[in-house]
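First comes one chain, alone, set out as structure tokens in the form predicted alone.
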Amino acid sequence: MTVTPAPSITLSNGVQMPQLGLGTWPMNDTETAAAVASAIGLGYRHIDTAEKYGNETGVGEGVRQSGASRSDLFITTKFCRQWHSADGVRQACEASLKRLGMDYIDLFLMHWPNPEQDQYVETVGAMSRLIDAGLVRAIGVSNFKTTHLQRLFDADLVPHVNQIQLDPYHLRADIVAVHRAKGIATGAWSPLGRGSAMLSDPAITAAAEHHDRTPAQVVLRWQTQSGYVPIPKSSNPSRQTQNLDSFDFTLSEAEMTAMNALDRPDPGMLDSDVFGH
């Protein structure tokens, strides 16, 4: 079964980004190649990986196995802390391209700010040179708080994307408000929760029953109706199909409101002031 590819959003530099992608963590290269080839065959056009995941080679292999044209795909990858410098980010990009076996990256992200290094502003500033060099099409950050973003703004830097942990239990309203004010696209990792009971929440299961959909499809539709770009991970073709097939119904205002009321504190959530790689 092939599902209609996800619609796209337009980033602030005009690049079109499919509004749902395939996450690949924590799959190894072999698992990733199979999952990517399967997903592309089903209709996915956006694949998300990272240097830290150790599976960029698998993503490239999966793309080649799929037979899809590179120009029809949107590939996101991320670089680690050791490359945080004006020169280092170019080296990180070239290393990712070699592992992917590709000539360009659609979206290149700084994986974590690592503020104790105090090099993220300089590094983001240098990332635009990768666009000028034709190595990437869009640039962004991941796991940036409002304080990290403000330091970029103070240097007249506005990333195209900030990919953050975001789901109905983690609304991240302060960060999302800044994104909307600055025209930054909001990417969502772990969009279906991280081992929580979220998919069993009555607000979600009620909407799933009403629309004859799975709870996961309802949460993904909440993500996309909110304007976010979720990146659910799955190596199972049936689950991949369900995740992508989440655009042809609309949650009501009441259902959206009910899900927007689910935000709650999470002491265990990774803190990007102290965690990073």
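All of these numbers come straight from a predicted model, not from anything done at the bench. Each residue number is its position in the shown sequence, starting from 1.
Separately, the form predicted together with a small molecule exists; it is not shown, and the next lines address it.
With a 4.5 Å heavy atom cut-off, would you call residue 231 a contact of the small molecule in the predicted complex? Residue 231: contacts the small molecule in the predicted complex.
How about residue 193: is it within 4.5 Å of the small molecule in the predicted complex, going by heavy atoms? Yes, residue 193 sits close enough to the small molecule in the predicted complex that at least one of its heavy atoms falls within 4.5 Å.
May I ask you to state whether residue 250 is within 4.5 Å of the small molecule in the predicted complex, using heavy atom distances? No, residue 250 is distant from the partner.
Is residue 235 close enough to the small molecule in the predicted complex to count, meaning some heavy atom within 4.5 Å? Output for residue 235 is yes: heavy atoms within 4.5 Å of the small molecule.
For the interface check, one of 84-92, 107-115, 184-192, 132-140 should have non-hydrogen atoms within 4.5 Å of the small molecule in the predicted complex; which one? Only one stretch passes the 4.5 Å heavy-atom test: 184-192.
Between 224, 242, 66, 57, only one gets a heavy atom within 4.5 angstroms of the small molecule in the predicted complex; which residue is that? By the 4.5 Å criterion, the partner-contacting residue is 242.
Name the residue from 158, 121, 199, 206 that puts a heavy atom within 4.5 Å of the small molecule in the predicted complex. After the contact test, the surviving option is 199.
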